[in-house]
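Given next, in structure tokens, is a single chain: the form predicted alone.
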Amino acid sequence: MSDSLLKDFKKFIKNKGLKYTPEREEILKEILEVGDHFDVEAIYLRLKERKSKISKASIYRTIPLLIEGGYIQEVYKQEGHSHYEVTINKQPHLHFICVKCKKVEEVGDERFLHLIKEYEKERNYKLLSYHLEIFGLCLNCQREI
């Protein structure tokens, strides 16, 4: 994690009137290291493997802060729980989600960014986040039918 990102995170937390804690920093670092879609359970297990004492409750309390700060976003829900991804330096993309095997594929295209910026300007709107989910059956699951 870059020093400037860490400084921005500290500033964001303090501007919210909250205490900056080593636990929040550790959670952010772990999330940034994942580099893929994740859920709270995955982060908790990764931290536990590293002998961290961070509880699931701490992760659940930190997630909304990371979303509000623009570090992550919720991208889809599966089987009753949310999955997230890092939004820092991430280009617009969509998610193809197989409803049978739950595989998620990201598809990125410069045309998405162009369209989003065009609509943002037309509507005089300040874009904070976005995501698009497309549900269907992947090729492997189609073959099983």
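Owing to the predicted nature of the structure, the values given are computational and were not obtained by experimental measurement. The first residue of the shown sequence is 1; numbering continues from there.
As for the form predicted in complex with a further copy of the same chain, it is not shown, yet the points below apply to it.
Put simply, L18 is far from a further copy of the same chain in the predicted complex: not one heavy atom of it is within 4.5 Å. G108 belongs to the set of residues with a heavy atom inside 4.5 Å of a further copy of the same chain in the predicted complex. Mapping the unseen interface onto this chain, K11 falls outside it, with no heavy atom inside 4.5 Å of a further copy of the same chain in the predicted complex.
In the predicted complex, a further copy of the same chain sits within 4.5 Å of a heavy atom of K77. Proximity to a further copy of the same chain in the predicted complex, taken as a non-hydrogen atom within 4.5 angstroms, holds for one residue of E41, E118, E68, D36, which is E118.
Partner proximity in the predicted complex, defined as non-hydrogen atoms within 4.5 angstroms of a further copy of the same chain, places exactly one of 47-55, 99-107, 83-91, 24-32 at the interface: 99-107.
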